[in-house]
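The form predicted alone is given below as one chain in structure tokens.
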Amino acid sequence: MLELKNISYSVEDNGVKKDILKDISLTVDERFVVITGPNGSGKSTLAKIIAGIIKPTRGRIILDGEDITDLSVTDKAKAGISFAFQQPVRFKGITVKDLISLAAGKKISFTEACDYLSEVGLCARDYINREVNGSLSGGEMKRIEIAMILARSTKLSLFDEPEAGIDLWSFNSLTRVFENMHQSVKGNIMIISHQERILDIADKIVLLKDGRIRQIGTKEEIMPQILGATGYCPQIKE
């Protein structure tokens, strides 16, 4: 379970203090939680704070009862947080199988690597020995990254706008993968997104606006608020 207690984050902009996040308190104990909101609401900043890429100006982060606020990104990963970037990192000279083994923290068999790739809809025979380089499309990289997170099997799997930079076919495939993850991942899944199809499979939706939490609830409770009073409309993909 993840607990955010009074998380705030501020920066200096030409000598003027700018508040990006303002007193965010949130408990994540559902299997699948989506953080949504308009551009500039602080979604990606919140994801980076949880992952340890940046530190909050104020507040605490608790993971399964342990205060991890001041841990580095490496130590937060060891504590049980997996983080998927908007643009997955490419590693020239490293094969897909090597990358999945690194994620798992042990040498895995060919069959095990194939199983992880199959779970994200990739034909293992075509990908297992490929280099993780520019020859892979954005959608392929996204799914390989998810396979890595499945191999890690951590307490919290965090995705920052996984739909960014991919085509419609890849987005549809990713949505199916997330639907399957809902059943197969043991820990909590948190996705930063403003895609209606991802919102639609969430157990809980958290709406951010102007750096504050505006609404928390189920999709049945939150979607009318998103489409109505907030002035924010999610992106819809057919």
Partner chain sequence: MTLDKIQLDLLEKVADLHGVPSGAYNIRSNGTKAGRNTTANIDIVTKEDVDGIDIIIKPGTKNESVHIPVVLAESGLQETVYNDFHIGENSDVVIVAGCGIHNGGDAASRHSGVHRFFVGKNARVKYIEKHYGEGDGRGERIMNPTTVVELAENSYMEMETAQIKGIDSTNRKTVAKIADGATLIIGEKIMTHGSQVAVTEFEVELNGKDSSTHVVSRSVAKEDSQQKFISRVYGNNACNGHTECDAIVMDNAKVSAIPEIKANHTDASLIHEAVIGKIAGEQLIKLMTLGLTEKEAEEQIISGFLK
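Residue numbers count along the first chain shown, from 1. This is a predicted model, so every value here is computed, not measured.
Not pictured, yet referred to below: the form predicted together with its partner chain.
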Next item on the list: Classify residue 148 as contacting or not contacting its partner chain in the model of the complex by the rule of any non-hydrogen atom within 4.5 angstroms, answering yes or no.
Entry: yes
Margin query: With the partner left out here, check for me: in the model of the complex, does some heavy atom of residue 118 sit within 4.5 Å of its partner chain?
Written below: no
Notebook entry, point to check: Would residue 98 sit within 4.5 Å of its partner chain in the model of the complex, counting heavy atoms only?
Noted result: yes
Margin query: Can you tell me whether residue 89 touches its partner chain? I mean in the model of the complex, with a 4.5 angstroms heavy atom cut-off.
Written below: yes
Margin query: Within 4.5 Å, heavy atoms only, which of 136, 128, 77, 108 is in contact with its partner chain in the model of the complex?
Written below: 77
Next item on the list: Would you mind picking the one in 201, 53, 26, 62 that has a heavy atom within 4.5 Å of its partner chain in the model of the complex?
Entry: 53
Next item on the list: Check, residue by residue, if 191, 216 and 222 all come within 4.5 Å of its partner chain in the model of the complex, counting heavy atoms only.
Entry: no
Note to self: Counting any heavy atom within 4.5 Å as contact, can you tell me which stretch out of 207-215, 66-74, 171-179, 193-201 lines its partner chain in the model of the complex?
What the structure shows: 66-74
